[in-house]
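Just the one chain here, laid out as structure tokens, in the form predicted alone.
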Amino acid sequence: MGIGILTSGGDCAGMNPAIRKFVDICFENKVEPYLIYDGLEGMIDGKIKKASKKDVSGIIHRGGTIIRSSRSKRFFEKVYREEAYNQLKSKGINSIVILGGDGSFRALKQFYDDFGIRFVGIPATIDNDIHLTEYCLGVDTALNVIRSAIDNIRDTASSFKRAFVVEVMGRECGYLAIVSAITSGAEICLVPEMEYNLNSIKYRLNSEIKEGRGYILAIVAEGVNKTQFLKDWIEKELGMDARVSVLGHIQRGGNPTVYDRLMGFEFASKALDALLNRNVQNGVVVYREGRFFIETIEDVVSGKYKIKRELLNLAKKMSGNT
């Protein structure tokens, strides 16, 4: 039996530790591990290689994914899924571990329905927006990258008595923004999950400026689409020079934190355990309340991730909801 591993969609720190653990466990269980390069596109094109210990030596500390990733439009067409199936069949691969988001999981579910290739998904996205899991691989590293950037920006903000509006990633999920705002001591936080009250923010910050506040940090989730608006609003309503800093893809890179390395190992172990014991046909490893579970793909993609109420409450003041 051969088992393949691929990374799909956006890359994130922690993928390489998971790949390393996948290969190690396969060898321990006398199963042939295969690396599928370039995601779903690579599976179609046959970019598949039997893994050796050398392939995964010295990769734990590296960000991104050594087997690369892609977003595949071709995989939506059955003719190309059939090509991918034939590529796997020629290698003797009958199951897959896939690291990615819910779109990647849906693609593999269709692949399973078509050809019976078993799979287990590992949630790997810095957006942390997958239903039924409290944590996705890569989030801790992304938060630490954001924390470092905000700490540096604060130095400049305080030196020039400026406001900085920092936009962070997350698509329609404000998890990165809200946690970063709370832990950096930001004055303003705008996320899709909360209404905001600019009049309340204006009243509070004008009072603080009169009392000597010299700078302002505002964290905005990209899904709010208010970054430039907030910068202009600060200059007009608060009378403070403001700058915008869009952190962008820097948030996906960097050496995985200790936590993401451990989580990569754990996610890979649970995924392979489910496949090797043949008790799962298709599912996703999730993490909740300190424990790992295997959920069905239908349950994972049927709902929307929700930020904990406790975090939202901590950010109320920054959104003007006091």
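Note that the coordinates shown come from a computational prediction; the quantities given were computed from them, not determined experimentally. From 1 onward, residues are counted along the sequence shown.
There is another form of this protein, the form predicted together with ligand F6P, and it is not shown here; the text below is about that form.
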Arg71, Met169 and Glu222 all contacting ligand F6P in the predicted bound form, non-hydrogen atom within 4.5 Å
yes
152-160, 246-254, 225-233, 199-207: which one contacts ligand F6P in the predicted bound form at 4.5 Å, heavy atom to heavy atom?
246-254
State the residue from Leu99, Ile126, Ala181, Leu190 whose non-hydrogen atoms include one within 4.5 Å of ligand F6P in the predicted bound form.
Ile126
For the stretch 294-322, return the residues whose heavy atoms include at least one within 4.5 Å of ligand F6P in the predicted bound form, in the order they occur.
none
